[in-house]
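Before any questions on binding or motion, here is one chain by itself as structure tokens, the form predicted alone.
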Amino acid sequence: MERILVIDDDHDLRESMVEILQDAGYEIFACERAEAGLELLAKQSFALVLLDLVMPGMSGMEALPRMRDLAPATKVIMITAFSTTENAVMAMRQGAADYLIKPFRGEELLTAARRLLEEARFEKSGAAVDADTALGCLANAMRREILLNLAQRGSQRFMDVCREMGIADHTKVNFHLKILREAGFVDQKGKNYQLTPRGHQALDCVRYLARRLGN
């Protein structure tokens, strides 16, 4: 379950965001001061932070660069009641990934959160597998099909892979399985083939890109 940190001194808005995000299936932590949020970030990992711009004590704009230092992979959505271009530009320059203007609808919040969490998953997977190598290896349609087949069916014997894909030329399948094994995407145990954790990450990269290109 992905973890989200909500930092906003407005009690009603903070509780509303917590409820919306919890109902969507996320694990939520919340606080009303930037200082408390920084303490949490120093101790725990979060995929996303929702950060109010104007708060008593340290402002969101002051906290943002510190958050980027503490957790550079964590996405930050800046929240403000002041819809000025200057604030938006400054927040982006300081490292914010998105910007929401109060008041916003629950669906706006969920759309922004889901998009950034998906980007974070892609970046994490890409870093883990070396995105350039992964995409080079998976540029071939048959190799992508093999990965998808193994992801859906689980561990399979060689002939089962060929049969599921409807390919009579077993030499081709064997060739592409060899490339996937060398890339660390597929593992062979006895006579069975299965995806490795690296293979699942590579497949996540492909699915993410397919969705983005489809949009």
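Between two forms, the rigid core is defined as the largest C-alpha subset superposing within 1.5 Å. Each residue number is its position in the shown sequence, starting from 1. Just so we're clear, the structure is a prediction, and the values are computed from it rather than from any experiment.
Not pictured, yet referred to below: the form predicted in complex with the DNA.
Asks: Is it the case in the model of the complex that F158, R163 and K172 each bring at least one heavy atom within 4.5 Å of the DNA?
Replies: Checked in the model of the complex: all three residues contact the DNA.
Asks: Just one of S59, Q44, Q152, Q188 has a heavy atom within 4.5 Å of the DNA in the model of the complex. Which one?
Replies: The option sitting close enough to the partner is Q188.
Asks: Taking the shortest heavy atom distance, is N140 within 4.5 Å of the DNA in the model of the complex?
Replies: Flag for N140 set to yes.
Asks: Does I179 reach the DNA in the model of the complex if we count a contact as any heavy atom within 4.5 Å?
Replies: Contact check for I179: yes, within 4.5 Å of the DNA in the model of the complex.
Asks: Look at the stretches 67-75, 99-107, 140-148, 113-121 and give the one with heavy atoms within 4.5 Å of the DNA in the model of the complex.
Replies: After filtering at 4.5 Å, what remains is 140-148.
Asks: With the DNA taken in the model of the complex, which residues across 93-110 come within 4.5 angstroms through any non-hydrogen atom?
Replies: Heavy-atom contacts to the DNA in the model of the complex: nothing from 93-110.
Asks: For D98, does the CA position differ by 2 Å or more between this form and the one not shown when the superposition is done on the rigid core?
Replies: No, the C-alpha position differs by under 2 Å between this form and the one not shown.
Asks: C-alpha of A63: shift of 2 angstroms or more between this form and the one not shown, rigid core aligned?
Replies: A63 C-alpha, core-superposed: shift of less than 2 Å.
Asks: Can a Cα shift of no less than 2 Å be assigned to L109 between this form and the one not shown, given superposition on the rigid core?
Replies: L109 C-alpha, core-superposed: shift of less than 2 Å.
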